[in-house]
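In structure tokens, one chain follows: the form predicted on its own.
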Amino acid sequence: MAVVCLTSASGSPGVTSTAVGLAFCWPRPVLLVEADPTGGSGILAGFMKGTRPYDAGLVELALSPLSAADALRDVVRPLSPNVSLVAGTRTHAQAAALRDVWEPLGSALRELEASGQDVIVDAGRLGLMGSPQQLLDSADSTLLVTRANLPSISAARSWAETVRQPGTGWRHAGLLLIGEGQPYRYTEVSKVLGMPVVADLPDDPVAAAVYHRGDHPPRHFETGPYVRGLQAAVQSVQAHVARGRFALVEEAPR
């Protein structure tokens, strides 16, 4: 594994809560990068409920005179024994200052695999000023998070054709579907958007709120359908990345 980006086309399908949930179900050490250009750390304010102040993040990395790899070490903060965080910008106005940091940061993130650490990037919504385009394009897998209803699919469709173009779009694109079967099945969504559904999660606002705003876990949370869905999604994403890497090896000139 290496770098996995999550993003959305519109609305609030649950990119941040999904990114946090995947990170806390990940079997290896994982770095969670908050690259959403909207501003204001949704993870510190939401999942951490404001109990941990912002003291360093992407802005400090961008301003550092050190290389991206060295500066990255200075802004990583632990969330658990297995999960670390690089917090995003304080405000949306700071996102423009990160324009030149995405490419070197992407290289630094890919180097983490050698140390046994994977990366999950919360890239927020597509099309915003300051969007981490270089991370989206260079990730081992970039997943478009969408719900299985008509408004969400319609919004995703306007982006899908662009991001799946060989040579100009994402390296290994896929969909992460929220609420499969409500009302559309994964086969229908995949056909309309022209991208594979890599994983799906149940539409469970109560369980998702644990990762979205730090709510107390409901009864049987650890063995419930939402966490089981996250665990299955982790395995599916890992397999998706492995297939993409194998395909790149097969396509390489001999």
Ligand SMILES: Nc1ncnc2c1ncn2[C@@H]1O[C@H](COP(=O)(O)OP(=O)(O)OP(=O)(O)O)[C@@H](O)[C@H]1O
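In case it trips you up, residue 1 is the first one in the sequence shown, and so on. Everything quoted here is computed from the prediction, not taken from an experiment.
We do not show the form predicted in complex with the ligand, though everything after this point is about it.
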- Consider R125 of the chain shown here, and say whether it contacts the ligand in the predicted complex, taking contact as heavy atoms within 4.5 Å. yes
- Item | the ligand contact in the predicted complex: Y226, any heavy atom under 4.5 Å | yes
- Item | H212: touches the ligand in the predicted complex, heavy atom cutoff 4.5 angstroms | yes
- Message: Test of understanding: in the predicted complex, would I178 fall inside 4.5 Å of the ligand by heavy atoms?
- Response: yes
- Spot the stretch among 196-204, 45-53, 24-32, 62-70 with residues whose non-hydrogen atoms come within 4.5 Å of the ligand in the predicted complex. 196-204
- Quick one: in the predicted complex, does every one of S17, D36 and R147 get a heavy atom within 4.5 Å of the ligand? yes
